[in-house]
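Next comes just one chain, in structure tokens: the form predicted on its own.
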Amino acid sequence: MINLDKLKQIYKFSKELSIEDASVLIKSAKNISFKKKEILIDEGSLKTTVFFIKKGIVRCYCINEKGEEITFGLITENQIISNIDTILYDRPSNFYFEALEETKTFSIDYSIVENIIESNPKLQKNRKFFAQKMMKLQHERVKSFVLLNPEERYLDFIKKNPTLVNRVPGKYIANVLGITPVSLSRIRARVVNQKK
């Protein structure tokens, strides 16, 4: 029996797939759920699974030399996570990826996707689009740290991620913004007072 959920996700991947390739993807793809606090990818992992988040939030973080967890990113519904360190650079992951709430994913090993892309020249644009999207996100993050003050970064963050403020602990948001939780509390108080 055909899994319609899987079929929809593969259709989003590309309308250019042959029936044979779509079949390979459908058979290879898995629906995997993670409990709150469960790790999807460990630091040091060579895992090449690509996860599409159907429901939930995943936190990307590392542990610094002082033993502190530093949140690098918060990934939500309809976004993709993978071990970019291994896929692009053939080295172990620098980050942990942790479910912050019950998270449902659609996953597939990157090697399967790569084989299909290699045998379908029309799909090369998907690889380019994915790489460009990743570069754009990283560029926007660096640009925000250079051009925006902490309050402007916070306002930009809540504009782009309105639901995250109520779903994620403030300390993680503060990390993503490059400020302390105390500074975040002050910024939130100022923003609330300005709206009155």
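None of the values given here were measured: they were computed from a predicted structure. All residue numbers are counted from 1 along the displayed sequence.
This next part talks about the form predicted in complex with the DNA, which is not shown.
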Does at least one non-hydrogen atom of residue 25 fall within 4.5 angstroms of the DNA in the predicted bound form? no
Quick check on residue 56: any heavy atom within 4.5 Å of the DNA in the predicted bound form? no
Closest heavy atom of residue 36 to the DNA in the predicted bound form, within 4.5 Å or not? yes
Hey, in the predicted bound form, does residue 133 get a heavy atom within 4.5 angstroms of the DNA? no
